[in-house]
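One chain comes next, on its own, written out as C-alpha cells in the form predicted on its own.
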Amino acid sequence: MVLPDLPDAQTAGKVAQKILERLSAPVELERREVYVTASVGITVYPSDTEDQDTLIRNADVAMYRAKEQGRANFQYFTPEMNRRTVHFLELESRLRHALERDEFLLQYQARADVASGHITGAEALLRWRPQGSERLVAPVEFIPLLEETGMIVPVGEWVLSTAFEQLKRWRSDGVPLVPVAVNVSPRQFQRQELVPAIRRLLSATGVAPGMIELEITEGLVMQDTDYSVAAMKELNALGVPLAIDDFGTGYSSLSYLKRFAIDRLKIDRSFIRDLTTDPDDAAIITAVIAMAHKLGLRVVAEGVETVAQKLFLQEYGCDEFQGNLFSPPVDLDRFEVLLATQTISRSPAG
C-alpha cells in the first residue's frame, strides 16, 4: 500500500493501526466466524531510501520484524533492522555449509542427583564454531535459523549419530558410562523417521537403549497426537527413555502426561531462577514435583545456579538438577575428566 503526500511519518502508523483494527473484525464464512490478523511493515520515502526496490525490501523487513514481535502489530523500518537482516542472511549462508565443513561440535552438561551430588547423566548440546573463528556462535542465534530453514533435520541426525558414537567410544575406552540426553526438534520428530533412525543406531553401535535419552517439548507432542503416541510407544518398547524439556512453558493441558510414555520432566530454568524469592515459582515447583512423583516420573530442575536453589529442591524431593552450580556445558575432554573424578550414580533409565 502506497500512501502519498503524508504530513509526517506518524500518520502512516495511524493508518496501519486502522487497517489492523478493521481486519481484526470477524468474517463469516459458511456460517462460521473466522478471525484474521495482519502484520504491517512501514518504510518512509525519502528518509529511508529513494530507491523503489529498496523501499519494498525495507517494508518487507519491517513486516517480518512485526511478526517477530508477536504479529498483529506494525513496525517502522530502521537501519538496525537492515543490519540484522544482512547478519541473518550471512549467518544462513555460512550455516548451510557448516555440516559439510565439520563445524559443529557437542558440549556436555552433567546432570546430577540432588541428594548425593553424583552424576546421573548428561545433556548433549549442539555448538557451532565457523571455520576461521575462535568463538562459538550463540545457540540462540543459529538454532532458530536451523529450525526455520529445515536444516535442523540433517543436523539433528548428526547430533544423534555423534552421541551414539561417543557412547560406543566411552564403552570401548572403559570410561564410566552415563545416559546422554539429546534434544529432538519438532521437525525431526514429525518427519516420522526418528524411530527407524534410533533403531539403526542402536543396532550399529551396540549402545544399550537406556543410555540414550530423547528430550522433546510440550508443544511437539501436541502437534500430531496420534503419531506422537505411536512413536513414543515404539521408543518405549525399544527401551529409550523420554523427557519433556522446558516443562511449564508449553501447553497448559496436562493430559498428555498420562497418555504418553514419558520418564522425566525437566522444569524450565525460568521457574528456577527466582525460586527462593518468588512464592509463586516456589509453589509451582513443589506442585510439579508432587504431581510428577504421583505419576511415577522423575523430575529434573534446569538452570540451578545457587546453593539455596539446590537446597530448596532437595527439601521438596526433586530428583536431579542441571546447571552451572554443578557444571556448565563443557567440551568433550573436560567432561571426560569430570566423569573420571566423580562417583557415578547410574540413573534408573540406565
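Computed from a predicted model, the values in this text were never measured in an experiment. From 1 onward, residues are counted along the sequence shown.
What comes next is about the form predicted in complex with a small molecule, which does not appear here.
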| property | result |
| --- | --- |
| The small molecule contact in the predicted bound form: Glu302, any heavy atom under 4.5 Å | yes |
| Asn324: touches the small molecule in the predicted bound form, heavy atom cutoff 4.5 angstroms | yes |
| 4.5 Å heavy atom contact, Asp246 and the small molecule in the predicted bound form | yes |
| Contact label in the predicted bound form: Glu213 to the small molecule, heavy atom within 4.5 Å | no |
| Options 178 to 186, 257 to 265, 275 to 283, 111 to 119; stretch whose heavy atom lies within 4.5 Å of the small molecule in the predicted bound form | 178 to 186 |
| In the predicted bound form, the one of Pro154, Gly219, Pro139, Pro130 near the small molecule [non-hydrogen atom within 4.5 angstroms] | Pro139 |
| The small molecule: the contacting residue among Arg269, Arg191, Arg199, Arg169 in the predicted bound form [heavy atom, 4.5 Å] | Arg269 |
